Structures are given as structure tokens and as C-alpha cells.
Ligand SMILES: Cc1cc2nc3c(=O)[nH]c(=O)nc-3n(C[C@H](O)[C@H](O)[C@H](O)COP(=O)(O)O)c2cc1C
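What follows is one chain in C-alpha cells, specifically the form predicted on its own.
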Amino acid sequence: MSAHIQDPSPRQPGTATGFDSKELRRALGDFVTGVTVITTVDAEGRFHGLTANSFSSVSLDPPLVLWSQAIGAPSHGVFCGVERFAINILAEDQIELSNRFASSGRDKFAGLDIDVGVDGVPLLRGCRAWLECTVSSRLPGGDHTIHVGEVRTIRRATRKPLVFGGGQYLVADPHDLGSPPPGIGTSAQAQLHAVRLGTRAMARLSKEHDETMTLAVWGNHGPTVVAWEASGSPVSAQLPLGLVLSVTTSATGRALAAHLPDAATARFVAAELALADERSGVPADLNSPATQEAWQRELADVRRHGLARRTPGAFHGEQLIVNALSAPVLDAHGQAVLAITAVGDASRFDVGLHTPFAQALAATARDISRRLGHVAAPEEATHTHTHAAAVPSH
């Protein structure tokens, strides 16, 4: 099925556009690409190369590729006078190499270890892939020349490619939409996959809502922080990795414990509740439940709403009083493998379960859970999509 989209304001060829070249450059920069270095050798045996992300495939049969070069580029005349070139597809750790060949006024090959391909064309070492080509045609393309090449030889390596978009280098990872990788089934495997997905999701949430975020897993000593993402005004200059949190008094601990078997959490909970017993039922922390019954009610609230929260308490090692809101990430067996938590100054950070941020946090955790193979029960899906105005404060 195809659809025809009509331009609401069609322009005739040659008429003025409604944008300038800078705006066009920014828009084109939003198209994420790989990064290549195009290399060749001239008639005198001198090596030439330049960084380009204008590379694209054209045809499989015959095997054609293209790249474009600005007419004003210093090496434009060289590349228009040769019959062979190589596409060096850069690997993720070759940013320095990309920057080197994007500059001018230097011997770009000085000090580099290279291999020599067909007819002496230089091939850069450590790349993701190499395509050696003969020129098939050259086409005018406005202020660029389009070089079309026929691929003659191919070499590939098992490395991740370098990625570029939005004016910066990026990291290439499998897209987290769709099915999880094969083999996800045990909690340990799901946890590793969840941390990878959660790190990117945490960064997005922190950027969009300007909140300090953290990821935690259930370690040998309970809830353990494995990553942070600072906001524009982070809660502390020190955001420690490996920090072990309380199970019963932290939002993170509650989020994880609500979806773990009692056998995993019982000894931690018992030790923390014992502090309240020693004080005749008065908890050591205002956020701490005083009894097992109160603790079970806390966990039921977390399971019902997909969120756990902590209202005012001191941040680790600081005088600052913070609130925290945490969402559990579940694996295919319904067990918590990760908690995504936001921490903010109690004077401004609202931990109400109905806020746009709270809903975004819960939705993010549900989405990662789904990608780990978790299937939400109908009642779970219903509860997590409704506002919880009647939830008691604790």
C-alpha cells in the first residue's frame, strides 16, 4: 500500500527557498550516518585522503557506491583525476583518525600504519570495513561532485562502526525496540541487557526533564548503584558508584524488593525493621515502615502503581534533603532486574505519582520490561495507566 503526500506549498524549480544554507545543514545533520575516510594515490605515488559521511550504496548488481566531495576541497582535483579509491569505514575508536582527515594543511598519513591495496591505494588499519573501488562515473551535484565507484574488493572486521549525527560522534548499538537478544532468559542475562537499555533511557529522561537519575541493581548486599546521570543542578558533586542503599527506606530498594522473592530480601528487611523494634516500634528513619505489615503494604503500593517513592530524607553523605522516585524494570519472569530512580532537592522535586515526570518514568520502565520479555497482566497495565490520587503519603 502506498500513500501520496502532497507538498502543501509546492515550489517551481529555480524559485527561492524559504530557508538558508545553515538551516539546511542543520536539518541534514539530523540524518545519522557512519563515518568514512576516502583514500587514493595519485600518479606520482602520493597518498590523499579525506573524511566523508556522504557515502551511500547505489546498487548491488553491479556493486556500486557513491560519495560526494565539495568542489572547493583542496583534493578535489586529485580525486577527479584518479581511477581508483578506497572507502575506509571507521570503527568506533577512530575519532582521532576522522578528525585528522577532516583537517587540512598537514600530512595526514604521517606516522600512520597503513596497508596498500590494489594499485597502491592506501588502506587505514583498524577500520570496521574496507571497500576498494574503481571509478564508474562522476556526476555534477551543485557545489559538489558525486563520485560513483564499482566495488572490486571487500574486507570486514568484527568491530563497531563510528557514527555521526547532530554535529557529534555517536555510539552504535542494537536498537532497543523489538525483541531482546537471543538467550535472554535468566535474571543475570536480563540484568546485563537491562542496564544497557536503562543507561540510554536514563540519559534521555535526565535530559528531557533535567533531573538527576541513577540506575541500581540487586547486588550481594542489596540495592547497588551502577550508574548516574547528573542534571543541570545535580544533587551532589559526588555521585558514588557502588553505593549500597537501604531496602526499606530508599525508593530504589522498595522498587526492587516489590518484585523479588522474599528469600532474596528477607534478611535485609529483617535487619532494618529490627532497628525500629529496638526503639519500641519507632522507625530509625521516617521513611521506614515500622512493622512487617506496613512493609507489605508499601510493596503492594509499588506493585499497584509501578513506582516507589521516598519523601524527605538526607542524600548520602550530604546535608541536602531529597525526595526520590523509582520505577522497577522486570524480566520475562516478572522479577526486578533494575530500578531507574530520580533524586531531587525536596524543596522542588515533586514525587506525586500523577506528575508528567512520574508517568514518563513509569512508562520508560514498562517499555524496557517489555523489551526484556515481560508481559504485563491486564490489571497491572490498568493500574499503571491511571492516576493514583488516593495513594497515602509515606
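Counting begins at 1, following the sequence as shown. As the structure is a prediction and not an experimental result, all values here were calculated from the model.
Beyond the structure shown, there is the form predicted together with the named molecule, which is absent from this document and is the topic of what follows.
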Fill in: Of 103, 291, 134, 153, the one that lies within 4.5 Å of the named molecule in the model of the complex (heavy atoms)
103
Discussion item. So the named molecule isn't shown here. In the model of the complex, which residue out of 304, 144, 209, 138 has a non-hydrogen atom within 4.5 Å of it?
Written reply: 144
Discussion item. Would all three of 51, 69 and 73 be in contact with the named molecule in the model of the complex, where contact means some heavy atom lies within 4.5 Å?
Written reply: yes
Fill in: Candidate stretches 103-111, 197-205, 126-134, 225-233, one within 4.5 Å of the named molecule in the model of the complex by heavy atom
103-111
Worksheet item: Does the 4.5 Å heavy atom contact test between residue 164 and the named molecule in the model of the complex come out positive?
Response: yes
Item to complete: Indicate whether residue 295 is a 4.5 Å heavy atom neighbour of the named molecule in the model of the complex.
Response: no
Item to complete: Please run the contact check for residue 169 against the named molecule in the model of the complex: heavy atoms, 4.5 angstroms, yes or no?
Response: yes
